[in-house]
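Take a look at this single chain, the form predicted alone, given in structure tokens.
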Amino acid sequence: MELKRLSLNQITTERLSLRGAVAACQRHQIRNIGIWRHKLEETEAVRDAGISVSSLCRGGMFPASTAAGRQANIDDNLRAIDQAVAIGAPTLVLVCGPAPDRDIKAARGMVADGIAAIRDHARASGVMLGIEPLHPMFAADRSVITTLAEANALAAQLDVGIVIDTFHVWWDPDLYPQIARASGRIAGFHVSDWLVPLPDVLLGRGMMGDGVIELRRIREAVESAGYAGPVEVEIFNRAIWDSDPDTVLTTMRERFEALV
């Protein structure tokens, strides 16, 4: 795949500051970066380097056991939209949040209400909200939106976008029809690989080519659905974090070009 579309999701180099990640992108001629909110320091480094921001992660986490808690989460998402504007991020990735009291149906309603509460501010700010469905193993602690079908229905209801991450959706028997259904709403595309055996639920993602995901087929389907933007490599893996960043980015570039 064309390297000009490659984006370094900052979590792949978690040990680096934002300035360090931007410098690594410059050394490896990577034109795009996805930024995490806990690494928003030194944003001038991105502007100075002429690197484009592909997304800001993360918003979401809407459900809470009290009305005050839900409002606090909405307020945090409004701040996240403003942060996206400040750094030039076109998309705010929404990791929607778990059920606070085991009532998963009610939590899904809180997610819908939360997105509805921030949608107008996002539109007025020129920021696309991207609902990212997570693998079902994250339903208990990260997101009650666990399939692309759920995300598609919610996005259509609220007129917002979708973020597709291969790690979370590759297993879905309805994947390709749902990618097609997302046509016109895809606001981001993330890649990594599913290792066998999975070494860790959260920190077990693999470098592309080290696992079982049909990366190119999924990428082609996403493109057929109209998405032509940056492709973020997003890898949560402690061994990769502890590796030399230049070695990681060299491998990332090679695998992206050959396999994605």
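The first residue of the sequence shown is number 1, and the count goes up from there. If you're wondering where the values come from, they're calculated on a predicted model, not measured in any experiment.
Another form, the form predicted in complex with a further copy of the same chain, is not on view; read the next lines as being about it.
- Contact check for Ala140: a heavy atom falls within 4.5 Å of a further copy of the same chain in the model of the complex.
- Interface residue remark: Glu214 is counted as part of the site for a further copy of the same chain in the model of the complex, having a heavy atom within 4.5 Å.
- Of the heavy atoms in Arg79, none are within 4.5 Å of a further copy of the same chain in the model of the complex.
- At the 4.5 Å threshold, heavy atoms of Pro136 reach a further copy of the same chain in the model of the complex.
- Three-residue candidate spot Phe62, Leu158 and His190; no residue lies within 4.5 angstroms of a further copy of the same chain in the model of the complex by any non-hydrogen atom.
- Stretch 191 to 199 is the contacting one of 49 to 57, 191 to 199, 231 to 239, 34 to 42, since its residues have non-hydrogen atoms within 4.5 Å of a further copy of the same chain in the model of the complex.
- No residues of 24 to 51 lie near a further copy of the same chain in the model of the complex, the criterion being any heavy atom within 4.5 Å.
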